[in-house]
Ligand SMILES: Cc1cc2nc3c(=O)[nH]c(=O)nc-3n(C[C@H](O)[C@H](O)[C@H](O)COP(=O)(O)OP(=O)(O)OC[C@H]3O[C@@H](n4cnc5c(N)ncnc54)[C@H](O)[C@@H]3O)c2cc1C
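Below you will find one chain, with nothing else, as structure tokens; this is the form predicted alone, and questions on how it binds or moves follow later.
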Amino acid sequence: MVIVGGGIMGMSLAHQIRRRSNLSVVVLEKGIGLGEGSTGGSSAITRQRYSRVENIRIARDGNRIWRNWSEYTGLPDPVGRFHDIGVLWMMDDDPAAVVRDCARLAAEGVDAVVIDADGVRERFPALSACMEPFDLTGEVEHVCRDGSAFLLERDAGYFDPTGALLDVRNAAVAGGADVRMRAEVVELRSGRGTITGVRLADGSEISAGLVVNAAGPWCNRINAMAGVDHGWELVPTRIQVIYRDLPPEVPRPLPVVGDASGGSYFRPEAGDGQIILGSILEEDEREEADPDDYNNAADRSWIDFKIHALHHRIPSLPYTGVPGGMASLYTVNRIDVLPVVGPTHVEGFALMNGFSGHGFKESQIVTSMMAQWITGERAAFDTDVPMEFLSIDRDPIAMGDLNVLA
């Protein structure tokens, strides 16, 4: 079989197939190095709080893998590692709703607790517990108001995204997969309505009984080659993040934080010497027509606007230095923000597309679903969530919000 795309999805699927079968697997990545697509720009947060129970279970099962990475990959000394710092939700929800949400997570095996403002200050002394909406324009005077209930996922955190990608690549190759860089697919070969292989930009061809589209923001090109009109609106979308120095005088520890008052999330990075901040607002996303041609630097005006939310949440963070930033792409399913996974109506062609910012944390479990379908075999760390939940022919799933937190 051929997997088109060598990001975290494609490489993980190769590993998942080879760890349970002897099927021939070729991964084709058009880039010259690992992590040039969505994976390299991921914040790789492993949170498990979702509105749908199926998504909770997917994230929970994935979190077990991130926490047992060496055992799962079979690598005695993997490059990537899990950062067990917790995820704190500062969303200013009604306290009763926070308690219900916590109980729902706990019922699924997530280590979640509710803490109050004093609990926030005790556990994370650098954080303000204020939940008064913060006016980033500076036009409205801000008077702080402590929130009363915050949800803390104690068993979540973040993973090293490029380290994870290198690890699953190494695990897949060790298992017998063939991984090829600078291998751009320009045509899908077909016969009698069945996809039979691919042709590459260098003119070479590879025959395959199954071609899987794991091409991330380039997925629509591959689907068009297959003649697949799946009816889902999968849009390459530019998202931005800020990198800000985290000096020693700021008290530790810091968790991953989802911050409704500033419309942002942030987490530590670079050995605890930096903070990464991104947006949780749909209005901060921008559709891109061409995933090969977009501005990969963060907008200076956006950085200057958003950085104030971070200083509000971490009052001891000094106003020194110039924060930088970058932009990358992920593929948003504009209909229900859930991925589309599994076989298509075209024989010999399947896809894993449209992860809407959830892809990294879901990667090992979505590929578990796919590998079970392809090989008919189960393996350690597999999920019991059925692939039909994300199938191409499902009805759109009703979601309260069509954003990265859905």
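Owing to the predicted nature of the structure, the values given are computational and were not obtained by experimental measurement. Residue numbers here begin at 1 and follow the sequence given.
Another form exists, predicted together with the named molecule; not displayed. Remarks below refer to it.
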For the interface check, one of 68-76, 177-185, 113-121, 81-89 should have non-hydrogen atoms within 4.5 Å of the named molecule in the predicted complex; which one?
177-185
Among 15, 338 and 364, does every residue place a heavy atom within 4.5 Å of the named molecule in the predicted complex?
no
So in the predicted complex, is the named molecule close enough to residue 61 to count as touching (4.5 Å, heavy atoms)?
no
Partner proximity in the predicted complex: residue 215 to the named molecule, non-hydrogen atom cutoff 4.5 Å
yes
Is it the case that residue 128, even though its partner is missing from this view, gets within 4.5 Å of the named molecule in the predicted complex, heavy atoms only?
no
Check whether residue 55 has any heavy atom within 4.5 Å of a heavy atom of the named molecule in the predicted complex, and answer yes or no.
no
Assert contact residue (the named molecule, in the predicted complex, non-hydrogen atom within 4.5 Å, options 257, 314, 246, 239) equals 239
Within 4.5 Å of the named molecule in the predicted complex, counting any non-hydrogen atom, which residues from 296-334 show up?
328, 329, 330
